[in-house]
Each structure stands twice: as structure tokens, then as C-alpha cells.
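Just the one chain here, laid out as C-alpha cells, in the form predicted on its own.
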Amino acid sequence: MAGCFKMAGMRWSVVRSFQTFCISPNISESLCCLFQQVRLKHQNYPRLRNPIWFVKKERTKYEEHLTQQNKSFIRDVVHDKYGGPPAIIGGVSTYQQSPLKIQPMDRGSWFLGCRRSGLIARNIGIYPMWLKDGTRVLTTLLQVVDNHVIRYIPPEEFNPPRTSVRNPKSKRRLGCLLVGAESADPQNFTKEYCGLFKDSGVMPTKILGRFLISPEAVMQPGTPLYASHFKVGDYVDVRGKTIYRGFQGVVTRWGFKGGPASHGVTKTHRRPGNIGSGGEKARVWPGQKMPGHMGNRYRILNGLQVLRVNTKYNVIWVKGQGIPGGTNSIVYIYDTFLPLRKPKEAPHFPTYYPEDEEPLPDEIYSENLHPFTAPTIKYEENV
């Protein structure tokens, strides 16, 4: 019987001989079914599982033939349920949110190596700033628009789509915090998608993002998140999707020099040339730089310093201009993973609560940054 279970790796001719053995009346039907399953069994590749918030978002819009009175009634019901009519928050048209529905959770204490939540922001452009010594630095403006906590999944219940291949049953020490940004009219979304926001009391949002956090950094659903979540001087990592360039050649995609422009060159000005796959190799090596689709990939820029924070419009100035994505693209901001730039002192933990702390000024500058309200030139009289 031990030899029968090795049929999955044998050739089909040998399997057919075993198949006649299974059909004999001396063998039970259950055993025959077992052999049949072994024969058709393929290699068990790990499959990607969709998370719980991966549901159909957009619904089919069609003409419902409603009167203007019915449309206004539905609009009033939505406003009463979610706390009020549309409003301008941080310079962006959105909706006022209702108070928290769940009782406040116990706040943990910060420790070195603790992971807290991040923010969802929009890249609104590049702006020059000057240091006090006169050095000009380029900064990127990231606006945090209407961020709220949607759901928290504890470590024992969180089942990520990708698991560790070496130790798939390892104990998980990080939970999952679901954050939404930019509230919108719930009539534009499906019933399944709106059900994700039922417990938080927050209007359905256009954008969802998840952050892996420590259990001590948990926040109750419905908690608003502001740009003051990060302090001036902190280092953050920014994750975004690069601009999609379509199908490009090697000169645009990889920066190849190309061939000569003249002197006997015919139709090979921007071609890659020899890829060096001759001889004993006789194949294309994996990772070979060739034409293909360029962009539309998530990339992370690590170790960006926060130079300025505007608490009125929820804008963060980070040092650098190489953030993935174009203007008005969505980015995800969180504490940096670089070992030498991780926070050594306690940040706003688990986030900034305006009701528990002193009010912050509208503009917060770094110590080395020159504020525009300060004078640039000082005259002194020689005595």
C-alpha cells in the first residue's frame, strides 16, 4: 500500500496500471476514490486570500425616476444619520462625522519599538523651503483629508492574505487597523461596502488602507486622525503608486543609451541590442532589462523628515521630492522602519487627541527651518 501513495509523481503509464488495480471488487469504493484523488492532485501552491474589506465597491447607477421631493428626503435622511450636511474640512469638501458609537478602548503606553497607525494623504505638490543657514530644500506637501478609524482586528483574529512560508503557524503579534479617508455619499456604494462602516458610525469613504499596529496602539472605530499625528522632526516612510507610463522601450524604462544616430545604423537607434543569452545558457536570464510596462507599482520612500505641520488645513511638509505618484495621488504615511531614524521619544500615542492635550498653533516649524513670518535680514549699527 505504501507504493500506491507515490503515484502522484509517477508517469501516466504507471498510473493507468494502478487504476485497474483499484477497480477490482476486493478493494472498497472509498479506497478507489482516495487513489483517484491522489492521481489528480496537483502541487499545492499557496493561494492568495482576499481580506474582509475586499468587497465590491462601486454599484451600478441607473435612473430611478425619483421626484425632486424624494431626492431631498433621501438627502435629509443621510445627513441626519451621519451628523450633518456636507462641510469644508481642511479645505476639502467632505461630510461632518457622527460621534463614536463604541465605548473608548483602554489606551496603552508607548515603548521603544511599538508600532502605531499611519495616515492616508494626498500629494498636493512640491514647495521650496529655506533653512536658517540659507540652504534651500525642496519639500513635498501631503494633505491629510478626513481620516477615521474604521475597524480594528486583533492579532488572534487577523488572517493576512500572505503568510510566512517558513513558519506559517507563527504567533502573530500585530493587529490590523483599517483606516478610511475622504467620506462620500453612501448612495454611490454597494450595500456590502457600506456594511464595513456600520460599527464605526462613519460615512463610507472613497479610500481604505490598513496598518499593522501593536495591540497597545489600538484606537476605537470612529476616531479621527489629524496631521498632528506626527511631530515636527519625526521621520516617516511614504508609500505610493508610481505614475503609469504604459509600454515603454529600454531607453525610457531603463535609461539605455541606444545605438548611434547615423553612420550605417538602420532602425536600431533605440533598440536594446544583444542580451547576452548565447553559448551554454541559450535562454533569457531572469531579471533581464527589456521593454515592458513601466510604472503603476507601489514603491516606498524611506526616512523622510517632517519639517512643517499645518494643523488648520492638515498639511505635512516632508523633506524630499521623490515621493511615488503624481500630483493629487494617494499616499500612505507611517513611522519609519529605518533603525537609526526610529523615534527615540514618545510620539502622540496612539494618536493626537485634541480634547486631551493643549491646543496646537496653526503652524509648527522645525528648529532648523526658517519661518516666513520671521525677518530674513537684520541690520545692526556699528558702535
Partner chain sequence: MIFNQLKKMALPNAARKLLLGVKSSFSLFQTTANAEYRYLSSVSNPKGLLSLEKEEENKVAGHKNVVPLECRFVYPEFLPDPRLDHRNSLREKLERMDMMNRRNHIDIPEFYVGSVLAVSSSNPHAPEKVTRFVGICIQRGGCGLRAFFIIRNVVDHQGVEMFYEMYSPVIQKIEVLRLEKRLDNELLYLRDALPEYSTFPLDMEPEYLPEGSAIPVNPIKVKLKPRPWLERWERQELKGVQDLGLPKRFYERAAAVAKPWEKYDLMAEYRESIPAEEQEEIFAEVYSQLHQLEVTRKIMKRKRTFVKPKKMG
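Everything numeric here is computed off the predicted structure, so don't read it as measured data. Numbering follows the first chain given and starts at 1.
Keep in mind the form predicted in complex with the partner chain is missing from the figure; the text below concerns it.
- Only one of 72-80, 223-231, 120-128, 184-192 places residue heavy atoms within 4.5 angstroms of the partner chain in the predicted bound form, namely 120-128.
- If you check the partner chain in the predicted bound form, you find a heavy atom from every one of 310, 376 and 379 within 4.5 Å.
- Taking 143, 214, 252, 305 one by one, only a single residue has any non-hydrogen atom within 4.5 Å of the partner chain in the predicted bound form, and it is 143.
- Among 333, 315, 323, 318, the residue placing a heavy atom within 4.5 Å of the partner chain in the predicted bound form is 315.
- In the predicted bound form, the partner chain lies within 4.5 Å of some heavy atom of residue 136.
- When contacts are judged by a 4.5 Å heavy atom cut-off, residue 67 does not count as touching the partner chain in the predicted bound form.
- Contact check for residue 327: a non-hydrogen atom falls within 4.5 Å of the partner chain in the predicted bound form.
- In the predicted bound form, the partner chain lies beyond 4.5 angstroms of every heavy atom of every residue of 242-274.
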